[in-house]
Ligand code: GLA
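Encoded as structure tokens, the following chain is the form predicted alone, with no partner shown.
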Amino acid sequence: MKQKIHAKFVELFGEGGQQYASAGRINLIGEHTDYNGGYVFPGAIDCGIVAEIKPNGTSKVRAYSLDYGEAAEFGLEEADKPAQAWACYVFGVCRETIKRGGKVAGFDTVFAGDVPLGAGLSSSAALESTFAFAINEINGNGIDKFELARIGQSTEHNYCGVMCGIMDQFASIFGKQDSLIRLNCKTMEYKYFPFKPEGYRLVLIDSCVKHELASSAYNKRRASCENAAAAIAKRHPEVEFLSDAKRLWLDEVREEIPEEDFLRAEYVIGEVQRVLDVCDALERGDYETVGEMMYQTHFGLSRLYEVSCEELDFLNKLARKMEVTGSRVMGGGFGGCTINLVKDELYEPFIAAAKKQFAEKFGHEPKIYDVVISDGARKL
């Protein structure tokens, strides 16, 4: 991929530039908790985005997406927003850097990625983080890593229409080989946990059902959570986010909020605690508890948060039936992957059964991605 990017860069722009990369991410547990001020537990993976970049001495960006086979050229003023959706991510990072007082000189870039699109592995955060990191370094802006993650998040909010939390960009920037990161999304305190499970493998099974997070469903769930938190805060003013609330406090407002909002909040409050339980279990080497928490998360995402789908529920039930240690839908939902914690000896039969039975029911095989926990944003 690096060689292809370089060859295209030289073809389009003459001599080569400097290459930067950032990673997609998995999240072991802690789904839809980030925008609720709760805990998440992600790690960067060995798939990501690579970009070759070189300042061009103008006030314009000339970008080429190798994956789409498309070029875009745009200025750095607010009115210059490009038409192509992929280019809006690069433009948004430039604008958000400028808003923070950073310098952004015009540059040429060619980029590509091997993060499977629509699989819930956050290819968009990898793209944002690659450019946030590169622009910061090339222009000598000295913006810290927390703010680089926020630049990516603000790009989603202001230029791509997704009111996402901070987790994806944080994992892409802060990722560390063989470690997962417990992040408190309210305080931004984080802690690395070594993750090299002996005798187990992490594997993603991609349903190949594509989701579109900018659709109203994601933002609607966020609004439900905020509504529940606001109702609780009237009685308990210390509640800033839903993660601050106790389960008992949610029961107090059950008659005051729509049932849908109650169910969404019930899931989130339970999930915040599950992240802490999983971290405790990992420190004991207790993977059975880790797995059981993953199954509980899937149940909540499917029945209470309602972001699963028939294909993902099928894969989860198959995992349970085959005594896979843990399995759940991962990412925003509405398609994408299940993440599975599988004992080594069960790996081959589980993958074979998943491919065969899924194809029999849905007419196509799922895709399989083995997970390797890797480093985040960096210069190559």
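Numbers for residues come from their place in the sequence shown, where the first is 1. A quick note: this is a predicted structure, and the numbers were derived from the prediction, not measured.
Although it is not shown, the form predicted together with ligand GLA is what the next lines describe.
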Taking ligand GLA as it sits in the model of the complex, is Gly43 in contact with it (heavy atom to heavy atom, 4.5 Å or less)?
no
So, Asp34 and ligand GLA: in the model of the complex, are they within 4.5 Å at any heavy atom pair?
yes
Looking in the model of the complex, any heavy atom of Ile166 within 4.5 Å of ligand GLA?
yes
Does ligand GLA come within 4.5 Å of any heavy atom of Tyr218 in the model of the complex?
yes
Heavy atoms within 4.5 Å of ligand GLA in the model of the complex: which stretch among 315-323, 55-63, 24-32, 343-351?
24-32
If we check ligand GLA in the model of the complex, which of the residues in 256-290 reach within 4.5 angstroms of it by a non-hydrogen atom?
none
